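Two versions of one and the same chain are coming, encoded as structure tokens; call them structure 1 and structure 2.
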Structure 1
């Protein structure tokens, strides 16, 4: 079996498992799975840019905003068209913005590149507010009819008088994981393609890349276009599910760009499985921190909170910071790298 079909088999297996899980989840859990799919798409793009191209971006939340607003704007002005059209428009517009950002970015490296993308992420949420309310909705944003399950889906899953909102959440979760699976399969093929090998060569050795005829600026700009397109798709997916594109959306703010970088490091830079793990960590981080605070006496009603009242509300950020530090010290390749190393050690021990 060729590598392409092996990767397809792995992705299809994971997709079937994810759909099976989504079909029995509650409304809240299905909504979390929907977000996890969108986060995974954005993390795959960022992981490709950083792990395979060697560039850093703190502006992916800005690309998500561009994609979300593009999808909402197109939907408002073209009612009745398939959701897929709105997402394709979001991908195209986000890729174009990524090209605009990527062209000057090819001349920047390290902290200068990070600073430029940082400015992009900080400034972009204010752009929609400068337009008239009739254009981009001002500070309130754009409101559209959210994605809803078709009647055949209700007939298929309404077996025990399940609430319609739960069935709809399951439908959006399935749509999200299907799109994420398609992206994972396409990116897994790209990683092993000629383009992926060119990205790695540019990352590892600029001189060698030029000697074999690669155009450094074009190759790096392609990475920015790709990560922008995937981030725009993720933003469009979130908007189509929620029905709102607003500057105040968490995923469109600068804070989320930092969260994406943190999650990428925790999961494993340049790894598709790391992107999946990181997406699940990002979505379920609140539940994880709540469990930890409940079982360690650091909850809102604990003596620690009485002495340090600002500790409990910020426990999620504190724990993520600690986890990031520990990961960088003991597992610099992230959770996936740690698991791979342990598996190799286990194999070597069993062969003795």
Structure 2
């Protein structure tokens, strides 16, 4: 029963997503959706690590950089080969880096791990800037031909009324959403698999986990490799769409690691639907912030902004900082947790 229901939910969700993508009118929204797909993948990776194996990483932007550069590098040297191969290469390379970083990680407790991954994310953008400048492009980075829609996709639309750029964005949005959906589906299966249960046990009670014969270090390392692989895929997706991998790409800097952590917590740690919500929150955060400031009298025309002209550009981070603190203290399970709580309350009220 619940299995059928689940499958139905997946199919329905996929249909809705497909229709949504195809009917997007604005190129910006399509571009945002493309980003959201990538963010969603990265968020699922982080959420899995934290929610399911109890580890924390503030370094996933580093893995995204690895994935992005790997994809760009491969594409540059193997032009004309399918995009999928570049993606797979990106996944493989970042998984390998994840293994190296994950090795000490398996022996570290939360704060050490968080600090170490943060240090990794901070230092990593220096690598392409200082080493192998000729192969990795130095501070310019690597440039490739971005992903473009094939002819059959163009044929689906009335090209006289829609700009090719918009159709192209629709295509990338579709690719991104499909990959994200695939990842979500795989992860939802993993969550209920034996490996998923093992990881939960390691998170909740490492002594018990050892007693039933689980290898703590190996399980933790597996989780780390998976996170790195997913982050790498997200990074590769972003690069394939934008056409550039550079040390100054926003998603490759450590501030994006912090943003990921924030978004994951707001969405709901360890939750797949939370990751989807968080991804949308991430790409539309500026619009949401503007809406909030406009409706609370803190907008650019307000007296506060007259006094502090630099407030407006920082409003987003101020709000997110406050939200993160408040969420962690009062609603540690995030938006999804709040929604579940609300639903349960409603159910118990209607039952009475």
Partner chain sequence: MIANILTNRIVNDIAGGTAQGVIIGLVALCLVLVWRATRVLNFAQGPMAMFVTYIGMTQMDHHANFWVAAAISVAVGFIFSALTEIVIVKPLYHKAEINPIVVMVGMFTLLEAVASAVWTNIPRYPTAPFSSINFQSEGNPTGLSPLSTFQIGAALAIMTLVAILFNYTSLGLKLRASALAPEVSKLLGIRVGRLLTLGWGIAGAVGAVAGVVISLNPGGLAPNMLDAMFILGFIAAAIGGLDSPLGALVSGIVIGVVMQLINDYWNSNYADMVAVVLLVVVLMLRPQGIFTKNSTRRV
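Numbering follows the first chain given and starts at 1. Not measured: the values here are computed from a predicted model. If you superpose the two forms and keep the largest set of C-alpha atoms that fall within 1.5 Å, you have the rigid core.
- The first of the two standalone chains is derived from the form predicted alone.
- When two forms of a protein are overlaid on their rigid core, residues whose CA moves 2 Å or more are considered shifted, and residue 250 is not one of them between structures 1 and 2.
- The Cα position of residue 131 differs by 2 Å or more between structures 1 and 2 after fitting on the rigid core.
- Annotation for residue 341: C-alpha shift under 2 angstroms between structures 1 and 2, rigid core superposed.
- Relative displacement of the residue 15 Cα between structures 1 and 2 on rigid core alignment is 5.0 Å.
- When the rigid core is fitted, residue 328 shows a C-alpha shift of 2.4 Å between structures 1 and 2.
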